[in-house]
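Below you will find one chain, with nothing else, as structure tokens; this is the form predicted alone, and questions on how it binds or moves follow later.
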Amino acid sequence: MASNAAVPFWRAAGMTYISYSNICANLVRNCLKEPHKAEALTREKVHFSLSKWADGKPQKPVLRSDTPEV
């Protein structure tokens, strides 16, 4: 039988590691002083493209730029 003693606290709280690391990253960015805080917040932005596939071929990609919600 597996013991719950070895379970990380973020897993025990019902979180994924990605959500835990995002919360930690936001806390660190918010603790920085200016101008480092503004620079870190600009690096927080995420850029990606989405392509739908039809008949085995990709369609025209759509560029997205999202920022994580706090």
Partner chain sequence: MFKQASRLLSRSVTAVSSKSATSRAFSSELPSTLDSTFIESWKKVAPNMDPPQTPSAFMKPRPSTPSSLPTKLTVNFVLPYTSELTGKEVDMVIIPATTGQMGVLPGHVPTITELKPGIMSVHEGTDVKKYFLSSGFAFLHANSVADIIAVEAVPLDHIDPSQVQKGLADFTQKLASATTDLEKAEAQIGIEVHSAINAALTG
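As the structure is a prediction and not an experimental result, all values here were calculated from the model. Numbering follows the first chain given and starts at 1.
As for the form predicted in complex with its partner chain, it is not shown, yet the points below apply to it.
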> With the partner left out of view, is Ser51 within 4.5 angstroms of its partner chain in the predicted bound form by any non-hydrogen atom?
Replying inline: no
> Can you check whether Thr42 is within 4.5 Å of its partner chain in the predicted bound form, heavy atom basis?
Replying inline: no
> Quick one: does Ala13 come within 4.5 Å of its partner chain in the predicted bound form, counting heavy atoms only?
Replying inline: yes
> How about Ala38: is it within 4.5 Å of its partner chain in the predicted bound form, going by heavy atoms?
Replying inline: no
> What residues in 27-42 sit within 4.5 Å of its partner chain in the predicted bound form, counting heavy atoms only?
Replying inline: Leu27, Val28, Arg29, Asn30, Cys31, Leu32, Lys33, His36, Lys37
